[in-house]
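A lone chain, given as structure tokens: the form predicted on its own.
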């Protein structure tokens, strides 16, 4: 009886936090859904008729939407490949005994704590600037023409910036998993004459499978909403060359003042993100159960 009363008291105490959290999530979602069915343009206040799925039709048929989907997939896929492969390589190096291991690990992990806006500004002005950037100076020293990264390869440049931000996260997760590997397996394989590559391919890499799955899941959820790096560096350009789905929703809502179409795009983005999340959750569930 006392246990039931304590459980009821716990539910009552937790209820305000749960209600506040649900309101925090549901109210913006419901408002976005509501606006997506209206012709709501900030340049024409007061004229907001109900238009049904017209905003969705316009958004989905916009050529910029197809480009944004492709760019989003390329951005997410490119960053995942770089961070997973690079994370495994860096984690393998950090797993070796070396002088100043603690300091090296702190330096490797530190980029993850830099705000995306600050990181994008640093890369844009200090590294990729075609006149005063570090890469332009290196090209000048080598007698080569400076390469304007953000104009000639905007999406690849953003992939590089975002990969630099997320590589420490992947390294940290993979290094933790690598250090949990039983050293006796590696010692036994070494005594049997297995090369370093064979030990890595047949022992370490299979051991990292679950950690890699976790990295892919968490990073994908965040990478689908990359925005600050694009806004600070390329503004989605040139044209729509670096526009992803998140930036397209921003452009429709706040640059073209079309809140109705932007809200429809937000709903589409939520649906696509949930589809990806469900797929990844099933994938990680199967991997963890294996």
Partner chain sequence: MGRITLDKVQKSFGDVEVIPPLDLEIEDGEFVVFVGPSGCGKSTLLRLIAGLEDVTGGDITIDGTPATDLPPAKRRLAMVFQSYALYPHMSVRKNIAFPMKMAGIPQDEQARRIDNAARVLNLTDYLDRRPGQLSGGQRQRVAIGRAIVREPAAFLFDEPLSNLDAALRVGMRLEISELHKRLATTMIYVTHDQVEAMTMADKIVVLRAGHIEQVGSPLELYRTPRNLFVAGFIGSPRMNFIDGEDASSRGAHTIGVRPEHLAVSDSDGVWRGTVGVAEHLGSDTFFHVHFDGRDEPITVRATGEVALKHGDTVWLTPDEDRIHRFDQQGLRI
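In this text, all values refer to a predicted model and were calculated from it rather than measured experimentally. Numbering follows the first chain given and starts at 1.
Just so it is clear, the following notes concern the form predicted together with its partner chain, a form of the same protein that is not shown.
Colleague: Since only the chain is shown here, I'm wondering whether residue 193 would be in contact with its partner chain in the predicted bound form (any heavy atom pair within 4.5 Å).
Modeller: Yes, residue 193 sits close enough to its partner chain in the predicted bound form that at least one of its heavy atoms falls within 4.5 Å.
Colleague: Can residue 89 be called a contact residue for its partner chain in the predicted bound form at 4.5 Å between heavy atoms?
Modeller: No, residue 89 sits far enough from its partner chain in the predicted bound form that none of its heavy atoms falls within 4.5 Å.
Colleague: Hey, in the predicted bound form, is residue 77 touching its partner chain, heavy atoms inside 4.5 Å?
Modeller: So residue 77 does not count as contacting its partner chain.
Colleague: Applying a 4.5 Å heavy atom distance criterion, does residue 85 contact its partner chain in the predicted bound form?
Modeller: Residue 85 lies outside the contact set for its partner chain.
Colleague: Between 81, 188, 145, 73, only one gets a heavy atom within 4.5 angstroms of its partner chain in the predicted bound form; which residue is that?
Modeller: Result of the distance check: 188.
Colleague: Check each of 212, 203, 156, 139 and return the one that places a heavy atom within 4.5 angstroms of its partner chain in the predicted bound form.
Modeller: After the contact test, the surviving option is 203.
Colleague: Is any part of 146-185 within 4.5 angstroms of its partner chain in the predicted bound form by a non-hydrogen atom, and which residues would that be?
Modeller: 182, 184, 185, in sequence order.
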